[in-house]
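Alright, here's a single protein chain in two forms, structure 1 and structure 2, each given by itself as structure tokens.
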Structure 1
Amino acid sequence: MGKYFVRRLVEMIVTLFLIATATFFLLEAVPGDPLAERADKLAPTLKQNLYAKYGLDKPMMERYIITMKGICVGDFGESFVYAGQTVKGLIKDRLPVSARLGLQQVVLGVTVGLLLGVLAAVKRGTIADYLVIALSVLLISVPHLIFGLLLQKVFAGNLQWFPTIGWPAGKDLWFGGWEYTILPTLTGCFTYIATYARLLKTSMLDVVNQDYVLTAESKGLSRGQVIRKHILRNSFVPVITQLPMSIAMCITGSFFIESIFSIPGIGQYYVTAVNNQDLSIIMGETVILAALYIVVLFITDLLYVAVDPRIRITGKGR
């Protein structure tokens, strides 16, 4: 076990290093200058001082070394576009907003999706099964943008049940202002419902004819006991594979949903930073989000063991 953790830690560090390096040189290869618009209005001396402030007057390799040193100590620098804005401040202010929205979407979407998946598998070939399949195809085919605008128009515009835009802040950031979160949560949860309903149904149908299930049935166990103790547990391995990645993706924010409902999350800001060539913000967010994904993959490996006792974690290569 100890060797496994050490190996995975080394792999994480090397992966983050490669991601940061690739991001830096890709950003360098993009035409344009993040300071050009501001610098064109300044006198030559002030322009030179501005470029020196952000280190753009240095050779590329020197800037690369400075950037990597900053990443090692968690300092990604200051925004090129918004003076005084740093990655640390951005994560502190905006990540909780995207995290609450994403977690609400996952909890609601995955719960409903799994229930529908069980229903479709148990009632295979019936009208309930066909309805779940049709609903899944509909939900996964329609983009978030369409769902968001439709919900906004009907429930916020016509019926006026919920606010059109906005998001709770201050003391209500995590556990208040629910009326602002309902429509964005519904907009984002539909994809999870469709994905997990189809995933669990397919997995359960693969398991239902296995020898151990037939043996359990031959011993006289009730249908409910067979489903709970034998079919469901072994059907959850694909779900465990998908779930951590869904959580990681939802926490990073959704540009379309945050834009439609004017939510000050990290997803909307990340796209804005890319459009503005805000190099330090792009680099910082990319590394932090990559680290999040890598940790999630590690947690997924641990969850495999909890779900399937046949899987063992060792220090040996797989």
Structure 2
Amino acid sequence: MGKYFVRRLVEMIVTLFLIATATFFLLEAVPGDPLAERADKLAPTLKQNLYAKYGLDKPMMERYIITMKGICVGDFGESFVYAGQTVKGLIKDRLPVSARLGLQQVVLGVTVGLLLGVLAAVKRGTIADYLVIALSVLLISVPHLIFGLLLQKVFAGNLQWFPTIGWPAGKDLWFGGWEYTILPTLTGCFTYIATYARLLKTSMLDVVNQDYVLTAESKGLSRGQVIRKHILRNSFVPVITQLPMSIAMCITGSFFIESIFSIPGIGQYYVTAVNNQDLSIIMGETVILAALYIVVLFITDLLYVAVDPRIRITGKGR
């Protein structure tokens, strides 16, 4: 186990290094001068200072090494567009916002989805089952971009039940301002509901046909016990594997949802940086989001082993 852990850790660092390198050179290839707008009106000496401050007067390889060193110590540099803003500072302000939005979506979406999945599997072939299937097809087919816009239009625009845009700040950051969070959370959670309902239903129907379920039934367990102890537990493996995808969807979904509802999270921040061609911010945030995602993937692999004892780590360490 220890050796496996170390090997994965090394792999993660190498992957992150490759991603950072690729991102750096991709951004180098972006046409145009990132400081052009700010440097335009300045006197030549000031201009020189500005370029020197961002290291743009140095050759590419030297900047590459500086950037990589910076990433190692957690220094992602300063915004090209807004003087004084650092990636680190902005991430610190904005990550909690996106984290709360993501958590609310996943918790609500996965819970409802799993409940519907169990319902559809247990009541297989009844109206409840068909309703769940129809609902999940509908929810999967309507992109959350459109759900967001429609919810905003109907519940915030026409009915005025909720505020159109915004997000709680200050002391309400984590546990307050619920009226602001309801529409964005709903927008995001629909996809999870559909995905998990379908996934758990399919998985449960697979498990139902296994021999050990027959054994459990024939030794006289009640239906509830069989479902709880044998079917449900074994159906959860695919659900666990789906979770990292959901986290990835959280990250990319936040791009749309935060843009629709003007939520000051990392997704909106990234989109703004891209539209402003704020290369240092893009570099920093890409690396941070990739790191986040890689860690989630790693945790999933560990969860796999924890959930299903049939899966053993095949490292030489054991």
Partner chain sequence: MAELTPDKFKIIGYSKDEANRIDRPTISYWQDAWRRLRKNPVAMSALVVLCLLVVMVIVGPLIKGYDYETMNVSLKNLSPSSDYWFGTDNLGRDLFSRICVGARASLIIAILATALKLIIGTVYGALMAHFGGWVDELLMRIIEVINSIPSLLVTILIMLVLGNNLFALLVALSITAWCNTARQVRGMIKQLRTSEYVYAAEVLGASHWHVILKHYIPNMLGILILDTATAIPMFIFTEAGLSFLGIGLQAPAISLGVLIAMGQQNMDFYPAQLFFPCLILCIIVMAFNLLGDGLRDALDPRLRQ
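The first residue in the sequence of structure 1 is number 1, and each one after it adds one. Heads up, when I say rigid core I mean the largest set of C-alphas that superpose within 1.5 Å between the two forms. Predicted model, so just to flag it, every value in this text is computed and none were measured.
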The form predicted on its own: 1 or 2?
1
After superposing on the rigid core, how much does the Cα of Leu46 shift between structure 1 and structure 2, in Å?
2.5
